[in-house]
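Below, in C-alpha cells: the form predicted on its own, a single chain.
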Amino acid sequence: MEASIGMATIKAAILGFGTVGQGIYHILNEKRDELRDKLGIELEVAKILVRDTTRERVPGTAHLLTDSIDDVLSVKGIQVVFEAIVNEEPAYSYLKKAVEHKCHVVTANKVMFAKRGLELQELAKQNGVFVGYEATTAGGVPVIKTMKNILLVNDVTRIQGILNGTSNYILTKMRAEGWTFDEALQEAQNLGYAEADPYNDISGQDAFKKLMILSALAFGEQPDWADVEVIGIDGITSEQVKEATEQGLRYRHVAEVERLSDGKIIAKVGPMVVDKEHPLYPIDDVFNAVTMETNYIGTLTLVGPGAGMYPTASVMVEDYAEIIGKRAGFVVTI
C-alpha cells in the first residue's frame, strides 16, 4: 500500500493577544486557503500565550490559551512563533527560548528588537532559523524588506523618516485645522491612534526605537543610545506651526541616522521644518515614510499606513511566507 503524501501542517503560536495578536489570528484564518495553495502548507495556530487565561478575547480560542512558554514549545511540530508583546521582557526571553528550540520567530516588538535585535538574529543564525521583524518599524510600509534588497548592491548613507503616525497626525491637524497640540492629541486618542498614555509617541521614544532598528539593518550597528538627542513634539505651539505654514513650510517629526565618511554613526530625533522640495513634505496624517539615500539608486522614499491592527499583522504573516519561501527556495507574495 502506498503512503499518501499529506499536506504539511505547520503549528504556530501567538505570544500576546492584544490588537496585533488578534489581527494575526484573524489573518491566518482568513488566508488559510491562500497559504495552503501558495505555500503548500496548512498553518495552524496551536497555542496563544497570554497573561490571563480566563479571558477569552476572540470566541473559540479558549482552548488555545496558555500562560507558559514551556507549554507553547512542548507542542509537537511547533515551527513558528509570532510575538506581539509590549515590553522587552518577557518577550526577549520567550523568543530566545523559541529560537533555541529551532522555531522561526516573527516579531512586532520594537522596544525589545531595538535593544536585542542583533543578538537575536545572531542566535537565530546559529540555530538555522529566521527572524522576521518587518512589523517593528513603520507598520504597513515594507521598509525592512526593501532595505534588505537594496543593501545587497547599494550602500545606504542616510535614513530620514516619519516613524510615528500619532505625532504626524497631531502636527498635520495643528497645521490644517489650526488646532492646539492638546486638541490634536485629544482627537488622536479619540480615534485610537494614540495610547491612553501617549508618552512614547509624543516624546519621540517610539520613533527612536524604530530608528535604532533601521540603523542596525543599514549599518550593522547603532550609535550609542546616550549620544542620541531625542526631542518630542509637545513643545511645538500653534503659533510656530502657523508661522511655518505662512512661509510654505511644514513641521515634521523626523528621525534620522547617517554614517559619516569617517564611519561614525550619528542620529537624532526631533521636530524639523521642511520645504516642499523635501521628500517628507507631503506626508500627512497617520502615514509613515522612510527616505533612504543610496549610492546607486539615489534617494528612495517609501510611504504607507503607520499603524493599526491589520497593516502590522499582515506584514507579520508576509514575513512568515517569506521565511517559508526561503526555506524552499522560492519567492512568495501574498
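Start at 1 with the first residue shown and count on from there. Model, not experiment: these values are computed from the prediction.
What comes next is about the form predicted together with a further copy of the same chain, which is not displayed.
- Taking 155, 183, 256, 195 one by one, only a single residue has any non-hydrogen atom within 4.5 Å of a further copy of the same chain in the predicted bound form, and it is 155.
- Of the candidates 62, 300, 41, 265, 300 is the one whose heavy atoms come within 4.5 Å of a further copy of the same chain in the predicted bound form; the others do not.
- A residue is said to contact a partner when one of its heavy atoms sits within 4.5 Å of a partner heavy atom; residue 151 meets this definition for a further copy of the same chain in the predicted bound form.
- Residue contact check for residue 35: one or more of its heavy atoms lie within 4.5 Å of a further copy of the same chain in the predicted bound form.
- Shown alone here, residue 293 lies farther than 4.5 Å from a further copy of the same chain in the predicted bound form, counting heavy atoms only.
- Though the partner is left out of this view, residue 142 does reach within 4.5 Å of a further copy of the same chain in the predicted bound form, counting heavy atoms only.
- Considering a further copy of the same chain in the predicted bound form, the lone stretch of 265-273, 62-70, 47-55, 284-292 in range is 284-292 [heavy atom distance within 4.5 Å].
- In the predicted bound form, a further copy of the same chain lies within 4.5 angstroms of a heavy atom of only one residue of 250-264, namely 250.
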